[in-house]
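Here you get one chain, nothing else, as structure tokens; it is the form predicted on its own.
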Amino acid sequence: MIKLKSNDEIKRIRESGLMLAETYLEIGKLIEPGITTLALDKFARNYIEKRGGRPAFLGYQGYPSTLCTSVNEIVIHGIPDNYKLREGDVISLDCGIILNGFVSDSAVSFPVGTVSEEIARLLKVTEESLYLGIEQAVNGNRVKDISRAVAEHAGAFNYGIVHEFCGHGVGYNLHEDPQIPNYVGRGPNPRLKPGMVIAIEPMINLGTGDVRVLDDGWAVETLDRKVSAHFEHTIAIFENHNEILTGQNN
């Protein structure tokens, strides 16, 4: 069931989203060769908790960390550890914050140092796909309008689109209805209405769209082990416009 939010509730999600955007701005300053993903995670948890927030992922269905730190061929849900980032890596960070009972969720992929032109283009196109999807997230459109915008742009570059994981409603909880796929399938296609708050999150791969879950039960890897990119924003839909609630993390 899709849960519509009042303007006051959207305001509270926005406050959470702004804290999340600020968290990413600070983490971005730390990303360079040699830093561990665990160090990034510890920084994020401390930053969020000092400001009165709570990491939404920590303990969610048993997840052990504040951040998902997904490096190179890891698409999503990479668990922070002692891996030291290397020149030319891509690290995709996914994080959520609970602030005064309301949840925001966003993701961003960072190049580590200088990356190849091929990888730089993947990052650019994936982020463009997110914003093209956001353009379609307006009152009166349907979920598949978002999905189509993402899929057509990524598909034009022959990138692999992950089907097994998708965007979602957010706000009261980390994952709510509706699901927001990054491809046009045969599933539900609800109409978008004022008061809906959704997380749109393209997960786009340099090679195949096929993925597998690793033995830790969390990390999702591209089947051909080529690099993946992931960008996400939490969006609120109003009568005559939409708004990015996590809007400062670009």
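Predicted, not measured: the structure shown is a model, and the values here were computed from it. One-based numbering along the sequence shown.
The following text describes the form predicted together with a small molecule, which does not appear among the structures shown.
Contact check for V115: every heavy atom lies farther than 4.5 Å from the small molecule in the predicted bound form. In the predicted bound form, the small molecule sits within 4.5 Å of a heavy atom belonging to H77. In the predicted bound form, no heavy atom of E73 sits within 4.5 Å of the small molecule.
Though the partner is left out of this view, K144 does not reach within 4.5 Å of the small molecule in the predicted bound form, counting heavy atoms only. In summary, the region of this chain contacting the small molecule in the predicted bound form, judged by heavy atoms within 4.5 Å and restricted to 172-180, 148-156, 135-143, 116-124, corresponds to 172-180.
Checked against the small molecule in the predicted bound form, the candidates M196, C68, A44, I204 yield a single residue with a heavy atom inside 4.5 Å, and that residue is C68.
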